[in-house]
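Next comes just one chain, in structure tokens: the form predicted on its own.
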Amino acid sequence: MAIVNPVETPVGARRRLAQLSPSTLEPIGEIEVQTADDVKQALERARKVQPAWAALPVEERARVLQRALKLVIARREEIIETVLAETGKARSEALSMEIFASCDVLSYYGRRAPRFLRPEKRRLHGLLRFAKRLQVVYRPLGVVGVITPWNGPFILTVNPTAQALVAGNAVLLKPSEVAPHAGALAVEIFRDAGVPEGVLQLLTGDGETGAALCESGVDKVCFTGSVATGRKVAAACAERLIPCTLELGGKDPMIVCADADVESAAAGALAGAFMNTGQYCCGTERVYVVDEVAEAFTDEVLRRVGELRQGASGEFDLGAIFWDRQLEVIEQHVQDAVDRGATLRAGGRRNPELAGLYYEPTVLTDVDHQMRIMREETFGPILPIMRVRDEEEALRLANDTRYGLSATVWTQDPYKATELARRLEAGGVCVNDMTVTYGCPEAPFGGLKDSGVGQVNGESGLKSYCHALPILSDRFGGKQARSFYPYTASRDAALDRLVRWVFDSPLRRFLG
């Protein structure tokens, strides 16, 4: 994510923000901070055009996603260059996280949305089945506000926007002010794919613009970002009685069991902790390794860390820290750990050989839960390793957190893996892999505790952008309504006998 500085503007002019590349510290662009009035006008435009968009068959809206997929493929180099300029991440990560994942999302919903959103006939239970018919139809909510973060600026824009649009909503998109250009490019691609004017609008700015969007009167807010900001979003939505989806932070644990494949687990720890320079919500932020394999695991981790390449151009494994403020948090957490007795085994400093915001891949041992590095979200290339007696102690410590987004378990015993996964207080668990749940569209993704509210992805995630409207029809044309009144004692007695007949007799099995 870029370094953001205010631009000096004339008195009375709109505020402007300039971005500097985190890898080269060179200017990469400016944005204008849009005001509450701008947001209001955008909402008014969206309200006017959304009904026509919703009236289109879902198959036609899905074809827009399929055209957007082709445009992403055709313009992938432009997208990659934009992401690299804003984030300084490794090219391989831009290709996998931003391009491949975005193509997968557009393909998944472009092919499946018509089936997911078709009206459903549901069989009723008991005596109702003889008297009523039930159909559930999925109506778009209206206008959805989407606020996206800086660590995956293209994919984390494309995914919620695609779902909201194909469900029939209009979208007001507000990307992070420190990675706004990837979000703007995503909007351009959707429009070129056939999203009508006004149905998808870009709002640029900082927290002021985001707050205005939450308070504008949209019908839902989808927010990905920090816990602190997520609480503000939730409060604004609660005030207006609108739904929100909050995908917030994490302090994701990794449990390495005594029977784990040590080499694979060590490789998975590196991928989990250092991918995207550790700046993704479900990255591995703390490791609990059973004593029996702790030394071998740590040695293998250190060997592999020593082979990692950090750079700004060419082939490299770790890029820059996307945001200067995040670099300060990383340094504070590492220093706190060292001051409290942690042992620095690798890294632990800014990379002196690179000009931008670079922090070396860092490994810490002798850590405990008194340290911030084990309790607060660090969001950087840091891997703290804690030795534990057994899997039970690992499980207890893994759950000792205010977060609950994702977790990983490493073992060669499938039964043990499932039992540990079920007991982890996490929104999702991966076994013998880094956390890849978000990259699996079928899997609902969301957090417990301070890690968020609601789930995204899959059929349920898509339907969260809709109101499930039940339509209940009488099989007899409403004739039974004629006998509704008057209430009589004989009717009450008959209903009382019916209660016992249906719910307290052998017939209840048949009636369900």
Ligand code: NAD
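Remember, it's a predicted structure, so these values are computed and weren't measured experimentally. In this text, residue numbers run from 1 along the sequence as written.
Just so it is clear, the following notes concern the form predicted in complex with this ligand, a form of the same protein that is not shown.
Here the chain stands alone, but in the predicted complex its contact with this ligand, taken as any heavy atom within 4.5 Å, falls in 223-231 among 328-336, 289-297, 223-231, 190-198. Residues F154, A312 and Y359 are none of them found to lie within 4.5 Å of this ligand in the predicted complex, as judged by heavy atom distances. For the candidate set G272, P175, G319, P140, a heavy atom within 4.5 Å of this ligand in the predicted complex is found for exactly one residue, namely P175.
The listed set A113, A211, V429, L395 contains one residue whose heavy atoms approach this ligand in the predicted complex to within 4.5 Å, identified as A211. Among heavy atoms of D219, none comes within 4.5 Å of this ligand in the predicted complex. At the 4.5 Å threshold, heavy atoms of P253 stay clear of this ligand in the predicted complex, well away from it. In the predicted complex, none of the heavy atoms of A164 sits within 4.5 Å of a heavy atom of this ligand. Taking non-hydrogen atoms only, L383 never approaches this ligand to within 4.5 angstroms in the predicted complex. Within 4.5 angstroms of this ligand in the predicted complex, the stretch 136-162 places a non-hydrogen atom from each of I147, T148, P149, W150, N151, L156, taken in sequence order.
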